[in-house]
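The chain below stands alone and is given in structure tokens; this is the form predicted alone.
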Amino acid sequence: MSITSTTTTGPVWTTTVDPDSEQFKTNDAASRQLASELHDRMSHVIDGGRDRSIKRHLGRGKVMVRDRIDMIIDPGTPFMELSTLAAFGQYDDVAPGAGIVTGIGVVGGIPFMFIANDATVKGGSLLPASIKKHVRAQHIAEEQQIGCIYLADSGGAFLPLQDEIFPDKDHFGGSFYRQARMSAMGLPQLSVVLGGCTAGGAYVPALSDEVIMVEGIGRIFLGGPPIVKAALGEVIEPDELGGADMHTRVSGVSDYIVQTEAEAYIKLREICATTAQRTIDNNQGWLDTIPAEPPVYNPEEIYGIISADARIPFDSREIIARMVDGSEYNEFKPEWGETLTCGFSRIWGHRVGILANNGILFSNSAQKATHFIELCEQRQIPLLFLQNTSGYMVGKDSEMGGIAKHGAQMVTAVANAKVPRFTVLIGNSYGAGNYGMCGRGLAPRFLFAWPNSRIATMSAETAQTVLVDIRVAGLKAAETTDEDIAKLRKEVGDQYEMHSNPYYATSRIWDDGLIDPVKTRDALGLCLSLAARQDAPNSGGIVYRM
């Protein structure tokens, strides 16, 4: 690297990327195809494949779920939607987005977590993936110390799968636990009831600090008219049993009654203005910020840098140069542990310490990472992990060199870091390298993935060799044919290809969403802005929860 200029962050990265090369053009075409597929699948989640349900929803005078959020958040501000493709490929593909929209939006200058039912998906009924997505959103809200806005329009639990929804720790009861705990912590829990809230769904507004109900469409009851008739022989109309008028004027379950959704959102914004939370731009946070500047290099060149063939490495520093302010990257220990690059940059004005893979993790790479993480912890600098690795190095030399201990020390440093941590899967995420680079198990505040990423214990090619050898060794050699081995190799390869696919991962909410690589800088900027609102660890203010 040659230094072209030096500022408060460090030198501007000098690129070696040639946009006119055949390799760049091949990579660019493949990456754009993946990005296009991602956008198509997200569009399908929003309005595809359920025309009748959408027509019926609109016919009731209701507003589509994402339009509801747009009506609430401050004009011109972004909404960072999370886990858009949850449930993708599950439940016979009839539950796009798991029937729930979650994400962070700004209301009156204050960020809130939105948890909103999509009643066009199975009437807003909650599937196992819906509960997992709901609970994950609450976890983020608690960690980021922001309130929750619930847009309730749900038929309650999907009863045929009740054993996967009802009894366990992070099932529906876990969402109630989190909601009650956040309210006690002073994080506002606000509900707008826009449809039926039945059984467990009734507790979402009931547990809220303040509740708004829309007359004519909003209803709350522990047992709906069919259950009341079956249990008591009592025939009763839905509004009489749990309508907005009854709950606002008689039971007191609701605090406000409005005639239209538009009125509900005006009232909601008034309530949000009374909450004692910090605004995003009041500079009370501890993170060091300066005015942002765009990267020197075009972020769209990332498409041409990502290898079309996952087995071919690419230099993650070229990715960093197209993601950070001014393309400035002050690299730490650049001549040692070269399969991991570490350094300081800024993203949207926020200082950040970056760890990015440039290959397999050796002992010196792990030691370098541990040292760098400790520096960032000491200096109160957030950490960003860019994952693209097959894991830690194996073999006699590595074992004799202490790779197990050095890898464990790296994992320990990641686990004990109190500064905000963020992770993006920009390529392969295999083996213990996933943990050392702050995978989901190490609890980063947010984890995003690119559509070219892969996550598993090992690659499909490695699994074919390892698992087939193990299984063949357990079979009788005389009865094992080349055809049997070939069939076994295909089964193992197909299984690992399917399970390591990024859509398989995001469907199960192993990440907080697949994102277009070109949009990564903006997503991280929003995450860092949220972190900037909080006090530094050990400062006597907010304590970080890992």
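No experiment lies behind these values; they were computed from the predicted model shown. We number the residues from 1 along the sequence you see.
Form predicted together with a small molecule: not shown, discussed below.
- At the 4.5 Å threshold, heavy atoms of residue 125 reach the small molecule in the model of the complex.
- Residue contact check for residue 158: one or more of its heavy atoms lie within 4.5 Å of the small molecule in the model of the complex.
- Not displayed here, the small molecule is kept clear of residue 32 by more than 4.5 Å at the level of heavy atoms in the model of the complex.
- In the model of the complex, at least one heavy atom of residue 196 sits within 4.5 Å of a heavy atom of the small molecule.
- For the candidate set 490, 39, 50, 499, a heavy atom within 4.5 Å of the small molecule in the model of the complex is found for exactly one residue, namely 50.
- With the partner omitted here, the residue from 290, 227, 443, 460 that has a non-hydrogen atom within 4.5 angstroms of the small molecule in the model of the complex is 227.
- From the list 313-321, 417-425, 299-307, 117-125, the contact stretch for the small molecule in the model of the complex under a 4.5 Å heavy atom rule is 117-125.
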